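In structure tokens, the next block holds one chain alone, the form predicted alone.
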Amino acid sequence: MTGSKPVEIVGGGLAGLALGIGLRRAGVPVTVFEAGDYPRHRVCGEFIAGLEEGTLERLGIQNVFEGSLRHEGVQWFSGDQAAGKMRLPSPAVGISRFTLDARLAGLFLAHGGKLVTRHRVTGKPEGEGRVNAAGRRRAAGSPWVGLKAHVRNLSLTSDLELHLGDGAYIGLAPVEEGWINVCGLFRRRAGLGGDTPRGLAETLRGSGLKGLAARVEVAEFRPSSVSAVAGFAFDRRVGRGRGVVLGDTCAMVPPFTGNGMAMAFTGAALALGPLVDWAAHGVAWETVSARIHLALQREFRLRLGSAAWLHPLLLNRHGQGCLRGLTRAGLLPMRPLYHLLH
């Protein structure tokens, strides 16, 4: 598109790269700044629920999911007890961030985008022509720690498993090459294990998940996949007053929903049209920013609020007991809850 103004994207995660690919397909010059490099492991559930195929087609990224897994069932556990089983209304996609981010980066470059890695942008990440997709916003005093590892030779009771522990929940999701992503959210406390295979098992055991800890302890660990993250918070509202923000910078949903990755792609698709209007058609940046914020708010407000309501119930024994009882009695409205969260 001749004469288009350039767009800078701070952050080369899912939202930043997907948006960059969509803009390049529209002929907009794009530079993506990424503090890390590719490929790399990230703390992430690595299953995508509720993502519409049309979103991927609009961005032009549907081919990066080639060979990914499709998950249809979820088994819930409360402590070491099976608590319920659910068939997903639509299959969830299983793919590691190690593979997915690298594929997106390659596609962005193939479309003529400029990718600057190992570069941390200093100063204000927002402003005219700049999109902030730099990831989780720092939260001082956050009570949460995320731990993740890929393991093999671990049998599952369903396509996906979700384990509810004492101040913790952990998802098990198969990804490519036979690996299973074990990713958990834990309330910070004394004695929490570190980002090592033994530390992960200790953390599971300390969260009342002795059976899962024993299964993980004897599994084969993928070298370099064990990782940790801290200092983050979850949002009930879409970020405002900070220009154009996408991905976890915009809003971070509790991970049990499997919706964070889907929200990153959906947000990129919602921002694509307005940014093309700014770059190619002269629409004012303030107008574009307001349009994007309103679209994100309409799309994500209900699921963020629903997740914030359910999230505390999954982390304490009383809430888990209530959920377990409703499930066994057949009174838990699983499908309506799923649609609220997605």
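Everything numeric here is computed off the predicted structure, so don't read it as measured data. Numbering starts at 1 and runs along the sequence shown.
This protein has a second form, the form predicted together with a small molecule, left out of what is shown; the following refers to that one.
When you look in the predicted complex, the only residue of Ala219, Val121, Leu115, Leu192 with a non-hydrogen atom within 4.5 Å of the small molecule is Val121.
Contact annotation: of the candidates Pro91, Gly84, Gly146, Gly206, the single residue with a non-hydrogen atom within 4.5 angstroms of the small molecule in the predicted complex is Gly146. Taking non-hydrogen atoms only, Arg97 approaches the small molecule to within 4.5 angstroms in the predicted complex. Shown alone here, Arg70 lies farther than 4.5 Å from the small molecule in the predicted complex, counting heavy atoms only.
In the predicted complex, the small molecule sits within 4.5 Å of a heavy atom of Ala35. For the chain shown alone, Pro174 is not a contact residue for the small molecule in the predicted complex, no non-hydrogen atom being within 4.5 angstroms. Exactly one of the stretches 255-263, 268-276, 206-214, 150-158 approaches the small molecule in the predicted complex with heavy atoms within 4.5 Å, and it is 255-263. The three marked residues, Gly11, Arg40 and Gly247, each reach the small molecule in the predicted complex, with a heavy atom inside 4.5 Å.
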